[in-house]
Structures are given as structure tokens and as C-alpha cells.
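Shown next as C-alpha cells: one chain only, the form predicted alone.
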């Protein structure tokens, strides 16, 4: 019997063209290839897309560096002292570690490039073709790659199935145009060679809070401008209130109910004008006012792909668009702007397109994390959602400061909160506010995903001492005794 090669399979295989090499795109490509598809990925920046090159990987690497500065601040509480001559230095900056931002950003970008190269190498090992260039649709079954051929010529790719993983770009303001030097989006921060003396962060959502916290820890004087009553207006109220208190205690200026109208350069910095006429001066300003989907001008609507008024691609529960054979995944769909969700959307789309077993994504089981210090991780229903739908629930919160492991590590700020059904005891959702909350949320995610009860969680062994012990303890507090 002859051996079936990839070349033989490709002549018979479904032709898959993935436009965009971010998490939604490259994960979809891997699934499609394993299912026997003839797969081509079109990417203009580099494999991994913005998530790897300018967003998730760089930002979390920068934040990881800032975390070390936050940990160093607890050193004295643990009995660790700086040398006597350093400790007696008159200037406060000489009594702490010094950040070389140029070196930090060099490492950040090197890690992003290495991750991108790893993704490309993996795809090529699996037999996925990678075409570099900007893809646009020429109808629902053809992709034209601008500059994808030799000498910059266009390449035309016929497809049986197309996946759009187009991503998004930072939103800007007409009166605050980024220049890459003083007025910045989050993709431009990594070109800075010196720490901003006074950084004004416009926007207190996830991106604004993460970068404000990181630069504050690195040593910048940070002003956080929030148009809402508090930071992180879409998150658990107790978690947001705790984080805002931590920000203020670390010297950050948080300006609530303050809307930025414009930002302009001055001779040696920037001026941000608020809607009430106040003017804030700083050395740099970061615009963190959301993002817009990268969906316009590439032939989507002409190919029959319906867009929402916001510009997002409309998809169903298995990532199909309104055009037959065209799917979409990731930030361009507006479902949830998370790399994990984009990857799952891409995998589901290809499984559906190629006839494999598939189940729609259950957003209730998606775990999310905000990489501040402390981190905020959530999964399942939020308290606001439970109240809005008039659901019956009980909740208990346990402060992190009561945890013995937290005491040993000098951790004071944080808590674990669970929501459960009052009679059935099923875990409905949870919030963890703690260092490395992104790791601690997983057992609660399992509980939500598999409809475990609080007694199921409480009866599982945890290590003593451990931070995860607080999760079991909160579950025990919610035990409902049958009469």
C-alpha cells in the first residue's frame, strides 16, 4: 500500500484561506491542517499578529517587569534591607531599584519577535503555507494578497472556506492624534527609551488600568483620567474599588468623572484638556480609549459579509458570517476581546467547516484576567449579571490577608469571592483578586464549566499553606446544610 503524503492530501483537500495570523487565525490553521485541509495563512505583520507583536505578549512582558518592582517594595516587610549607604540616600529614587526602560523594551520586543518566529515555524512544520501581505476579499471564495508575490506582486488565492481573523487597532480621538513620541497608543509605548516622567493615561478600562499600574510601579508619576465613577467600570465593583485604593496608596493620581477632550504637544511635553476646562500637563500621554475592528476597505460587504454598525463582523455561535463559506474569529467579531476566545472561535469555525464534532462557545465559562497588581480574575456570572436577571444566589468573600501563605509572602491586598445557587449549591461564578490571580481562577473555572457545587470544591484537598486554600475555604463558607 502506498504512503499518503501531504502533497497527495493537498490535491484532494478543502482549500482553507485564513486572513490574519493572530490567535484566532493560527489556531484555526492548525486545526484545519490536522483535519486534512489545504491551509494558507495570510498575515501582513508577522505570525501571531498584533496579539503577539504589539499587544498581549509585549504588554504582559512589560507588566511582568513592573511586578518585580512591586514585589521589591514588600522586601522591607520581609526583613530584606538595602545596603546601608543606599538606604540612607537622600533622593527616594536612590533607595529603590532603577529601571532601564530601553533595556526593558528591547527585551519586550525580542520576546515578541521570538514568539512570532516560533508560531511561524510550528505552522510550517504542520504543512501550513504562510503568505506575507495584506489580504482582501474578491467575492466569498477568493482572497487577493496585496504584495504577497515576488517583487511585491499581488497573489490570488481561491478558497472553499475563508476565515477572517482581522483583529483590531487602537481607537484614537480626532483631537488627540498619536505621534509616536509624546502622544501614544499602547502599540507605540515600546519605542520609548526613557521612563516617562509624568504619564497621563486617558481611559480607565482594562488597558488603561494595566498600563497605569505598570508605569506607576516602574517609577513614573502617573495620572489616570477616568470618565466614569471608578476605574474598571465594567468589572466587579468590590475588585475595582480595591484596585483604585491600591493605585492611590502607591501615589497614582486617579481623576474620576473626568473626560478628556484633547491632547496636544507642548515644547517639552503634553497638555490634556478635560471637558470641564481643566488642563493637565505631563511628559507623555497614553490613549487607552478602546479599539476598532480592522474590517473596512478589504471587500467584506461586497462579498456579502454583514457588518454591525460598530464595524464588527456578525457571526453565529459557530463563527459563520452571512456569506456562505466565510467564517470570522477574534476581535473583529466583537464577541469578547480575549486571545483565548479568538483561538476558540477559530478552532470551532474550522471544526464546523470541515465536518468535525463541534459545540458552540459558552461565554459563561470564559475566564478573564486583568494584569494589574494585584491581578483581577473572573469567570462565570458576575454579581451585576445575576442581579440584572433576577437570579437567586448567595455569595461570600474571604480577604486574602487571612490566608497564611499570603501572610508569608507579604500579600495584603485581595480577596476570593464565589457566587452559588442557594439551594442547589452550584457554583455560578467567582472573582479572585490577588497576585497571580490568573493562575488561581482555574479551579473556579472548572467548577463553573462542569457545574460543580460548593461542596464539590470544598471537599477537594488543597496544599497547606497555599493561596488556593482560600478558594476551598470560601466554598466551605457557602455550604448549605440539609435539614
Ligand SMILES: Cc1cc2nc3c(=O)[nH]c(=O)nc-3n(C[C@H](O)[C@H](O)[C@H](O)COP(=O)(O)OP(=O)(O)OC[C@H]3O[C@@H](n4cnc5c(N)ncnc54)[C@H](O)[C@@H]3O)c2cc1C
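Predicted, not measured: the structure shown is a model, and the values here were computed from it. Residue numbers count along the first chain shown, from 1.
One more form of this protein exists, namely the form predicted together with the ligand; it is left out here, but the text below deals with it.
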Looking in the model of the complex, is the ligand within 4.5 angstroms of a heavy atom from every one of 56, 60 and 134?
yes
Residues in which of 30-38, 47-55, 425-433, 452-460 have heavy atoms within 4.5 Å of the ligand in the model of the complex?
47-55
Non-hydrogen atom contact residue 327 with the ligand in the model of the complex at 4.5 angstroms
no
Partner proximity in the model of the complex: residue 420 to the ligand, non-hydrogen atom cutoff 4.5 Å
no
Report whether the minimum heavy atom distance between residue 441 and the ligand in the model of the complex is within 4.5 Å.
no
Contact of residue 16 with the ligand in the model of the complex (heavy atom, 4.5 Å):
no
Work out which of 337, 304, 147, 233 lies within 4.5 Å of the ligand in the model of the complex, going by heavy atoms.
337
Stretch 154-172 - residues with a heavy atom within 4.5 Å of the ligand in the model of the complex:
165, 166, 167, 168
